[in-house]
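Shown below, as structure tokens, is a lone chain in the form predicted alone; questions about how it binds or moves come after it.
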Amino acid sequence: MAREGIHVERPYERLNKDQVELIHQASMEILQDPGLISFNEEAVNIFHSHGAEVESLGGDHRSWHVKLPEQLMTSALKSVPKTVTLGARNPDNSLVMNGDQPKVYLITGSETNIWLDVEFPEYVHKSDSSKKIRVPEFKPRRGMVEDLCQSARVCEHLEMVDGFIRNVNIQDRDITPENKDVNKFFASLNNNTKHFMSGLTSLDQLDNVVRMAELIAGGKKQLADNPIISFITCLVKSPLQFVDDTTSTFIEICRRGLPVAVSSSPQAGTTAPIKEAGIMAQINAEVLAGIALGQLVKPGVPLLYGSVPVRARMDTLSDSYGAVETSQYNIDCVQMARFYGIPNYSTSGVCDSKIPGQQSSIERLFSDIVVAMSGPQYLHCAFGLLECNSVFSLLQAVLDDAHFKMIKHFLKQPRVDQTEIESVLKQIRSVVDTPQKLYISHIRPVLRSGEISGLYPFEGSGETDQVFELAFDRMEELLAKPVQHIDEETTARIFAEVPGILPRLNVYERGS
């Protein structure tokens, strides 16, 4: 049984059919002229063996100019699955995504270097000592393994979180490039029963990560039937360049048949045209090239059309996730993915603000609402991210969960049919015929049915704004809740067969 998700009956679309077709044709032209630059020789050979025009380029780094004919692209894209299932340790948390169906799953992400702690020191009014207030103070520090465990635990209990992307870059002193992948996968899977997606730091660790997932799922076939993990690969460096190491990782994941998101993140104004038509034609070409490569490696491998476009700030040329255009680009990408019938990995809920507050709330809610309304199947970056995805706040993630609950209620389809109309007409006539002329007696059944939204969960008392304090209390409450760890026998096998996992992550050895 899969998670419910948010059903968007009539998705919001910015592009008409003619504009979608124009972007598609422009992307096909881009892949032929100017084509791609590939720094990965294996990808070049794969494309060349299927009819691509290839030319070796000079320079210090080996690279090739690759031109992909439309016939190659069309043929490769025919084998892309239209439905992708992402499994989970708890099968009830599975995600079933159909590229033609605008059903939204809300996912955490992405990996941040900075963890934001929060404290609430008490301040006393200078002229009236009876008046005291608690003001949040946010303190950034580098993320650690224990932070990733805490985030996974809280996201396990957040109602609106459908899947978990690693959102903390673990930077403990005993974390190395050789053991980073196995520790971030184990820490996340051991503290969360929802689907888990992550990038891979080192291709050398792919076998260890897959073996871990097989042990948890119950075997190789069980993992194929219930893929509890998936991967995200940014194999394209905009504009139109295939990166060597990430492309190698992508090819190997595809050979194993595991789900993977093909992501591109051009910045309008620097690594992509500033105009909407330009960045859309380019990002669509970049993503389609990656998807085609995956299908040439292993026809039928489950892939997501990944889109993380962003607009450049005009003052510093850094990313501006809070810009209106960033949401516009993402909505357009949702449409392009739907045009091909491929499930879409989209982006919302990110902002430019460094800490939770008015700016973060405005920017996050704007993009969360409009992008969710467009109907992407896999909506990531929506929980806890600040400062252009470089900072993670657990407090912000708790706030986001409440806001998405409001968005989900808003996107519910209205109940308007003949039976409902007849019922309300009867109700109106009966109330008008009473002395009070009030509908209060009819409220309770509707409340019980869940048709009415609840109060804002962090509403303060009196004239005091207690949003952060109440959200912090909720965060602490969620951290205290137990989670379903991987069972002791499987944990023992993982530690015996998968090298490099930190002993302190074994909850059975440490007695907690």
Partner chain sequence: MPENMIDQIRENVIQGRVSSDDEGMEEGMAGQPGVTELVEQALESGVPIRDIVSKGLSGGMDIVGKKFEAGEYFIPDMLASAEAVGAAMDILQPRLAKSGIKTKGTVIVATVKDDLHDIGKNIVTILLRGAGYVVKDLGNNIDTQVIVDAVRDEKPEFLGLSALLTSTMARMEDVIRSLEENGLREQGKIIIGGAPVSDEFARSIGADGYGADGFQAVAVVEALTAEET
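Residue numbers count along the first chain shown, from 1. Quick caveat: nothing in here was measured; it's all calculated off a predicted structure.
The form predicted together with the partner chain exists for this protein as well; it is not shown, and the discussion that follows is about that form.
J.: Are His409, Lys412 and Gln418 jointly within 4.5 Å of the partner chain in the predicted bound form, each by at least one heavy atom?
T.: No, the candidate spot makes no contact with the partner chain.
J.: The partner chain isn't shown here, but in the predicted bound form which of Ser441, Thr74, Ser79, Gln359 has a heavy atom within 4.5 Å of it?
T.: Selected option: Ser441.
J.: Which one, Gln436, Thr316, Ser130, Ser127, lies within 4.5 Å of the partner chain in the predicted bound form by heavy atoms?
T.: The option sitting close enough to the partner is Gln436.
J.: Name the stretch: of 52-60, 476-484, 459-467, 443-451, exactly one has residues whose heavy atoms fall within 4.5 Å of the partner chain in the predicted bound form.
T.: Among the listed stretches, the partner-contacting one is 443-451.
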